[in-house]
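Have a look below at one chain only, the form predicted on its own, in structure tokens format.
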Amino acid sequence: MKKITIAIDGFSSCGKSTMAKDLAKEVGYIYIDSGAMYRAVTLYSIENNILDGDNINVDKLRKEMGNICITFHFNPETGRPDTYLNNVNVESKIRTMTVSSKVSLISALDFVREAMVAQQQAMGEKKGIVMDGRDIGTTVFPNAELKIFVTASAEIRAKRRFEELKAKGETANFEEILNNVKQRDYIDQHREISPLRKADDAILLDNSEMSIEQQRTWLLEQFQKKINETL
């Protein structure tokens, strides 16, 4: 069967990664979390004194980009890939609020995006992949056969993030998370390099009132339609 490229874009905390991982597993494709790559660069910047508050030592980060190696390795316990930064598993570290509140600043840098896009495009050369992020259907894979753009209200997304953090036993403040969601939305949509926007040929999915199972069914339907079109 002919393989295609699936690009899933959308706002933060929409559950893009969960649906992309599940879809990839269901259809036997490789999943790549582009957002995790930017989170890993953000974590590296924090741990190496490149990022202090909202201040970025841009020159230092530019020089350090060659030392940042991001890979994904399958975790048999979760059935999903974990993110590795320079051969160290950082899957949990990159999901904290500390990283979440700074990742939009790092991802807005042109040289960071260029480096990550180059790595992502190399990963997708053979097709048969599902990748989610902010600019997959517009910049990374503009010729992807199936493009999905996911959205939900800021309040719904903040609630999901709040519950996710609480489930992990982490301290969480709903208002702080809501403000972070809105701030990230603004930065993502207004950055100069690859701003977040729906590709003209992307299918819009508002999952505000949808369960994970409903999303799964809907995504499989879109996948099958596209596969049938390519036969």
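Since we're looking at a predicted model, the values are computed, not measured. Sequential numbering from 1, following the sequence displayed.
Below: the form predicted in complex with 2'-deoxycytidine-5'-monophosphate (DC), not depicted.
J.: Do Ser12 and 2'-deoxycytidine-5'-monophosphate (DC) come within 4.5 Å of each other in the model of the complex, heavy atoms counted?
T.: Although 2'-deoxycytidine-5'-monophosphate (DC) is absent here, Ser12 would touch it in the model of the complex, with heavy atoms inside 4.5 Å.
J.: Does any part of Arg134 reach within 4.5 Å of 2'-deoxycytidine-5'-monophosphate (DC) in the model of the complex? Heavy atoms only, please.
T.: Result yes; Arg134 sits at the interface with 2'-deoxycytidine-5'-monophosphate (DC) in the model of the complex.
J.: Would you classify Ser34 as touching 2'-deoxycytidine-5'-monophosphate (DC) in the model of the complex, given a 4.5 Å non-hydrogen atom cut-off?
T.: Residue-level check for Ser34: yes, a contact with 2'-deoxycytidine-5'-monophosphate (DC).
J.: Val103: heavy atom within 4.5 Å of 2'-deoxycytidine-5'-monophosphate (DC) in the model of the complex?
T.: Taking the distances in the model of the complex, the answer for Val103 is yes, it comes within 4.5 Å of 2'-deoxycytidine-5'-monophosphate (DC).
J.: Between 2'-deoxycytidine-5'-monophosphate (DC) and Lys21, Lys127 and Arg216, in the model of the complex, does every residue show a non-hydrogen atom at 4.5 Å or closer?
T.: Per the other structure, none of Lys21, Lys127 and Arg216 touch 2'-deoxycytidine-5'-monophosphate (DC).
J.: Could you tell me which of 152-160, 134-142, 67-75, 81-89 sits within 4.5 Å of 2'-deoxycytidine-5'-monophosphate (DC) in the model of the complex, going by non-hydrogen atoms?
T.: Comparing against 2'-deoxycytidine-5'-monophosphate (DC) in the model of the complex, the contact stretch is 134-142.
J.: Enumerate the residues of 173-211 that have a non-hydrogen atom within 4.5 Å of 2'-deoxycytidine-5'-monophosphate (DC) in the model of the complex, in sequence order, or give none.
T.: In sequence order, Arg184, Asp188, Arg191 come within 4.5 Å of the partner.
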